[in-house]
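First, one chain by itself in structure tokens, the form predicted on its own.
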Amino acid sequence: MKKLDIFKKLRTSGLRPTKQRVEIAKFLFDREKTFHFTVESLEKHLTKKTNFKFALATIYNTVHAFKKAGHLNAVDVRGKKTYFDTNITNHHHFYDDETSELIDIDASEVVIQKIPRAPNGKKIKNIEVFINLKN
């Protein structure tokens, strides 16, 4: 990803491009594959990859600004953990209870034949299939 694209993501999220925020954005968006993470796991990855310390509050605020701007999706796992996903397209997930890993399922791999009607005054925004795995 170009440096200009990183700055654009930060600015469209309402964030000034500080050194830490640029590093966070590069780590999240300058990659080939989808990345699923919690704020805490991201902090560990960043500390390992770079040579400086990141404040958890900076990571939290940056991630939530990216989510609010539509650059990340949030995936709630049983009300216990919130994962963030760099894949913002409509898709589904496997969740491995033992490894705490979230794995993408392409939307075309799931066929839904019938869904209930939305309650009066409501519309269905999207449908997400969440499949829990175990050994």
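All residue numbers are counted from 1 along the displayed sequence. For clarity, every value in this text was computed on a predicted model and none was experimentally measured.
Quick note: we don't show the form predicted in complex with a further copy of the same chain, though the next part is all about it.
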## Note on the structure
Per contact check vs a further copy of the same chain in the predicted complex (non-hydrogen atom within 4.5 angstroms), the hit among 53 to 61, 35 to 43, 22 to 30, 69 to 77 is 69 to 77
### Task
Find out whether any non-hydrogen atom of residue 16 is located within 4.5 angstroms of a further copy of the same chain in the predicted complex, and reply yes or no.
no
### Query
Just to confirm, residue 130 within 4.5 Å of a further copy of the same chain in the predicted complex by heavy atoms?
yes
### Message
My question is simply whether residue 105 lines the interface with a further copy of the same chain in the predicted complex - judged by any non-hydrogen atom within 4.5 Å.
### Response
yes
### Message
When the contact criterion is heavy atoms within 4.5 Å, does residue 110 count as touching a further copy of the same chain in the predicted complex?
### Response
yes
### Query
Which residues within 84 to 101 place at least one heavy atom within 4.5 Å of a further copy of the same chain in the predicted complex?
94, 96, 97
